[in-house]
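For reference, the chain that follows is the form predicted on its own, supplied as structure tokens.
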């Protein structure tokens, strides 16, 4: 009997790689041919990572089919990813099959897994049992030819500081702030490798912000607890981050209506009315300047004839919700805010690395698109960083697709990719334990 490991595996590499940034809210995906050059954000497709069931038209929408939905009222969502980890493979397989392998899959995304590589991203600190389950499904059910699983944000290091650089090496020092749907993660990277001891996580992410807005709106206006999609749209449309803690307190005062019998005029530059969609004449709402007379009509005084409008007045909700990124204690989460969490992360690094990390801070993730977020973070971080340190903080050009593009640039470099990928025959012979060690960097042979 031949000794274990003596089998000669195929040296031929499939000519295309399915690069999949499998987020909790959206899939960022694209097929990357071997040796591709000049990859851009346009090579990435974004699709909802969910299955939605409408209680009104009784239809089920899988991922990109959601764009065909005209009535988003009371949609029930089934999301396969929780806290950044795939926990529902029944739903995840249905979404992948619909998006990548079905005959109706989108143009440019359909592929045969037996003739393709798969580069799949994951959140840091994924439980080993979930990783094992993932590996088994990739190889035993989808039967991909070769496969590589890694912490997604680490691949941002393959974006070159100099756009004209031809180097295949990752950036030496890079501090990634990934503020996404599930949470906000601080990842110090040295030559593309995560420094595990300095990894930090803030539990506030886009999901928590949307849920908080649902609670505030339901408490003050309508019962919106089943309107997740609508409240997420409202959050993205009208939220902003106050420039400072002092300005946050002032804005609270400017949006306070006063007590009964002592009413005040609210600041019209902050308070606005959001016209809710009726899903008959229009499917998406919109914001407009606050009109107190229309607000009174909302309370049941609308005329019996003529057009009717459902208005959602929004005042301090606009800035109190994203403030949780900087003060989670506002709702009882006993964690420091984002600037303090970043400083906790770099504090455990050697001095030379600390200097390098703070000089190259890159923000990715959808929450960074909230107006005022970058200015507030840079201002508060600058106040915490010693004056002799250079602080260079920037938001990715497209914070949603940036991690995918870094992964795609990695996948386009044939020698790098070949070293990382595992062939199905290797997995069949050596098993899931060996695969886990290889992907963790403990066994590369």
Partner chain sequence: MPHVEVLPNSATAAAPGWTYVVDTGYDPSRVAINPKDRKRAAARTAGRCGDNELTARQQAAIARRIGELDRDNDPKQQIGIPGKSAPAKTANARRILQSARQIKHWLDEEEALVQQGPAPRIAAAAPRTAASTRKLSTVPPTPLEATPGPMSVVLTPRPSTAREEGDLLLLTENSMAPPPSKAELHVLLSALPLSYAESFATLPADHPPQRQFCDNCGYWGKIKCLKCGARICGLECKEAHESTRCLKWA
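Predicted model, so just to flag it, every value in this text is computed and none were measured. Numbering follows the first chain given and starts at 1.
What comes next is about the form predicted in complex with the partner chain, which is not displayed.
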(request) Evaluate residue 374 for contact with the partner chain in the model of the complex, applying a 4.5 angstroms cut-off between non-hydrogen atoms, and reply yes or no. (result) no
(message) So, residue 309 and the partner chain: in the model of the complex, are they within 4.5 Å at any heavy atom pair?
(response) no
(request) With heavy atoms only and a cut-off of 4.5 Å, decide whether residue 53 touches the partner chain in the model of the complex. (result) yes
(request) State yes or no: in the model of the complex, is some non-hydrogen atom of residue 100 no more than 4.5 angstroms from a non-hydrogen atom of the partner chain? (result) no
(message) Counting only non-hydrogen atoms and a 4.5 Å threshold, tell me whether 211, 219 and 356 all contact the partner chain in the model of the complex.
(response) yes
(message) Considering non-hydrogen atoms and a 4.5 Å limit, which listed residue (274, 72, 181, 148) is close to the partner chain in the model of the complex?
(response) 181
(request) Find the only residue in 370, 361, 81, 111 having a heavy atom within 4.5 Å of the partner chain in the model of the complex. (result) 81
(message) At 4.5 Å between heavy atoms, only one of the stretches 82 to 90, 361 to 369, 152 to 160, 275 to 283 reaches the partner chain in the model of the complex; which one is it?
(response) 82 to 90
(request) Heavy atoms within 4.5 Å of the partner chain in the model of the complex is the criterion; list the residues of 310 to 329 that meet it. (result) 316, 323, 327, 329
